[in-house]
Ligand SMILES: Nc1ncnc2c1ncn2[C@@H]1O[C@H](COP(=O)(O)OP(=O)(O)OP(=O)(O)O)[C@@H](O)[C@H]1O
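Listed next as C-alpha cells is one chain, alone, in the form predicted on its own.
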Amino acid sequence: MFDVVTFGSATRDIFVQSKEFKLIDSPEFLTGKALAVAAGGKIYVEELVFATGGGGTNCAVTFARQGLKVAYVGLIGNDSGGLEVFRELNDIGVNCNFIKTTAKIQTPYSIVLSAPNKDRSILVYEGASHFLSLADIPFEAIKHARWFYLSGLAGESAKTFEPIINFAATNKIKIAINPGHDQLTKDLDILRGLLNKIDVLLVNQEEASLITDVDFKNEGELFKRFDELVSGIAVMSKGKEGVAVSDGRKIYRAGIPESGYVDRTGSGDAFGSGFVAMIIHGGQIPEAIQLGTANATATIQHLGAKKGLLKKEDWGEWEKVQVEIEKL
C-alpha cells in the first residue's frame, strides 16, 4: 500500500543564470518589467544547471525523502528528458511503475532565465504531461493508497482532475490538492464543487480570492468562506508574509525565516508537500507549517526544484518558525 500517490507534471528544467540579463521597465508587459538581452549579441552565462521539475515529481521527491512510500502517476516523452525524469525518481526511491511514455510528444521543458538577485523569466514547452488521460491512470493498482496529492493538471490532463478526486472519495483515500491554472480559470466551478471532498487545499492569496470571491486582504471573511467550502484544511501562502491556515476551528499563522535565495522555482511544491508529509506522519498543523516552511526555505538555496529538499528529521539550518494560533 502506498502512503501517497502524486499526480501532476514532470519536466526537464534548464537553469540559465547570467549577469548580462537586464531587468528593464516596459509598459508592454503585464508586470511592467522585462528580462532583456542585446539583440544580435553573444550572452555569457555564469551558471548552467540541468534538473528535473514539475509539480507531480517535485512533491513525490519530498514524500520519498520524508520516508513515505510514494508513487508518481504521469506521462513523459520517450526521449532523453523523459529518461532523466524516470532515472532520478527511481534513484530517489519513488515508485515509477505507473509512469507512461509516449513517442508522439516530447517531455515538457522549462528554461529558467535568471538575473542573479533580481528576477527570472521561464520559457515553457508543455509537452507530454498535459496529455495524460484516464486510460493512463492505474486506478485498480492505487485504490488502497492512503493519500492522493494532486498538483495542477493542464491541457487534456485537466479532464482527469475531477475523476481522480471522485475516485479517491469513493475509496476513502485522503486528498490534498494544489490546483493549477486550468482548475482556477475555465474549471473553477468544477473545483468549487469538489472542495467538500478535499482534506488539504493548498493555494496562494490570489488563488484563494478567485475561489472564494473574497479579497485576500479580508482574511477573516476569506477563511469563513473557505470553511463553508472545504471539508478539511485550507492553506493560504502569503509570499514574504508567510502562511495562514484554517481547520474550521482555528487559524494558524506563521512567517518565514530570514534567508537569502538562489532561485524560487519549486518553493510552492516544497511547502505543500512538506506540509502534507507531516500530516501523513500524524503531525499537527503547527508542525506541518514548520516542516513545509523549512522545506521551501531549503530548496530555494539551490538552482533546481529538488536539490535542497529535506530528508526526514532534517529541519535545515534555520530555526523553526513560530506559529500563532487564533480561535475562530
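Predicted, not measured: the structure shown is a model, and the values here were computed from it. Just count from 1 along the sequence shown to find any residue number.
In what follows, reference is made to the form predicted in complex with the ligand, a form of this protein that is not presented.
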Quick one: from 204, 90, 121, 102, grab the residue that has a heavy atom within 4.5 Å of the ligand in the model of the complex. 204
Contact assignment for the ligand in the model of the complex, among 300, 278, 68, 51, heavy atom within 4.5 Å: 300
If you check in the model of the complex, is residue 238 within 4.5 Å of the ligand, heavy atoms only? yes
With the cut-off set at 4.5 Å between non-hydrogen atoms, does residue 264 touch the ligand in the model of the complex? yes
Is residue 63 close enough to the ligand in the model of the complex to count, meaning some heavy atom within 4.5 Å? no
Although the partner isn't part of this model, could you tell me whether residue 242 comes within 4.5 Å of the ligand in the model of the complex, counting any heavy atom of the residue? yes
Just one of 168 to 176, 230 to 238, 192 to 200, 135 to 143 has residues with a heavy atom within 4.5 Å of the ligand in the model of the complex, so point it out. 230 to 238
Where, within 293 to 309, is there a heavy atom within 4.5 Å of the ligand in the model of the complex? Residue list please. 293, 296, 300
